[in-house]
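Shown below, as structure tokens, is a lone chain in the form predicted alone; questions about how it binds or moves come after it.
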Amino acid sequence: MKPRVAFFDFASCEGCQLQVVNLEESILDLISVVDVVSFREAMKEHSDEYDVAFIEGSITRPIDEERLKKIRGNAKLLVALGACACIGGVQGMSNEWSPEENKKEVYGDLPGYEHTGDDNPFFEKPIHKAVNEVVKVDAYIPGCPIDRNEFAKIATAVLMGKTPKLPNYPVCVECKKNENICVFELGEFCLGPVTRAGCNAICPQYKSGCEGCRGFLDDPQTNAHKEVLEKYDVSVEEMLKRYNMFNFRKEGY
């Protein structure tokens, strides 16, 4: 009997699930060895009987936590899919401010702002959490969005009962392999020295600095990064601002 696989989404853009769909012909290899029983982005059928659950999105409200716990209870294995599920995502930045400050920043003085008050249950105070802050996670597929080829590799390992290992070296290694010009030399900011590799340095490849969507290394060499920042006259304030973009305070993968 094929393993039954289900995909679920929480607070996210659902771009990581679209990357799975973007496997195109390769997705035929996946569905030949698994039975996809729930995948809202690609099918209308749904079943609560599954062996492996892929979770996209950060966990925001108490009702989301309860839903996630139910999914965890049904699944033999649970995989966090993308930056939002792995480390809280860019929305995790909102945890630093009050609901009123966040709503003011988003809505300003636009008409309708008064309907986003605390008396509206749809605007209860959100606290964005990574999936592993609520339930046990068996494997992680980081990135914003995920790399579809890495998804295929990690999903295969999980289905074979193996524990997939993520790269534990910085994006700079992949940059050097690709013979990229360091984006600091181009006047860009980059978190490549402290960010987990595995994306083939796709952003620096196109002359854009790494924003750290794959999370920190297990042992990030922050002192070395500081030396690079000093060399290129980047302020501490700018460094910390970029560090927080993908809510690097999340740990555990």
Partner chain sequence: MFGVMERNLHIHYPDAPPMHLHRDELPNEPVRYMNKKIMSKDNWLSFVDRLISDDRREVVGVQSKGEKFVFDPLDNAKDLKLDHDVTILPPKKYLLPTCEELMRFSLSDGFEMESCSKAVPRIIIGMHPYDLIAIQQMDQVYLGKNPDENYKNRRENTLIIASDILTVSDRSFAASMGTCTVSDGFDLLVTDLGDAVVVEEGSPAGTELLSKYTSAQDAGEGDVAKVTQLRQKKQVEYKVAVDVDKKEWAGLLEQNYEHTVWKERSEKCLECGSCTLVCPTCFCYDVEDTASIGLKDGVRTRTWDGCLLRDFTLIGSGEVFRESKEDRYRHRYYRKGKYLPERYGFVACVGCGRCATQCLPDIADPADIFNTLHGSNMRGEPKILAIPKVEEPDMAEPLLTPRPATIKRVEKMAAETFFEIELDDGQPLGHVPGQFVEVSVFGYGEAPISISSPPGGNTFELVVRTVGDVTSKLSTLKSGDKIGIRGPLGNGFDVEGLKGKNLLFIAGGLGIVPMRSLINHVLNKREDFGEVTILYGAKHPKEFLFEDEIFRWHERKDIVHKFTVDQCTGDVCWEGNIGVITTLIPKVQFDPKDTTAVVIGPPIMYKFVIRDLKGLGMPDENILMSLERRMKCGVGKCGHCQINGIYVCKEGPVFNYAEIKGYPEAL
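Positions refer to the first chain, counted from 1. These numbers come from a predicted model, not from an experiment.
Although not depicted, the form predicted together with its partner chain is the subject of the following passage.
**Item:** Sole residue of I127, V106, M93, A152 within 4.5 Å of its partner chain in the predicted bound form, by heavy atom
**Value:** For this set of options, the contacting one is A152.
**Item:** Three-residue site I71, L78 and V236 fully in contact with its partner chain in the predicted bound form at 4.5 Å by heavy atom
**Value:** Not one of the three qualifies.
**Message:** Can you tell me if G198 lies within 4.5 angstroms of its partner chain in the predicted bound form, counting non-hydrogen atoms only?
**Reply:** Because no heavy atom of G198 falls inside 4.5 Å of its partner chain in the predicted bound form, the answer is no.
**Message:** When the contact criterion is heavy atoms within 4.5 Å, does L110 count as touching its partner chain in the predicted bound form?
**Reply:** Answer no; every heavy atom of L110 is more than 4.5 Å from its partner chain in the predicted bound form.
**Prompt:** For P170, is any heavy atom within 4.5 Å of its partner chain in the predicted bound form, or not?
**Reply:** P170: yes, in contact with its partner chain in the predicted bound form.
**Prompt:** Even though its partner chain is not shown here, does T163 get within 4.5 Å of it in the predicted bound form, heavy atoms only?
**Reply:** Yes.
**Prompt:** If we take heavy atoms and a 4.5 Å cut-off, which stretch out of 50-58, 63-71, 223-231, 36-44 is in contact with its partner chain in the predicted bound form?
**Reply:** Answer to the contact question: 223-231.
**Request:** Select from 169-184 the residues with a non-hydrogen atom within 4.5 Å of its partner chain in the predicted bound form and write them out in sequence order.
**Result:** Those in contact are Y169, P170, C172, V173, K176, K177, N178, E179, N180, I181, C182, F184.
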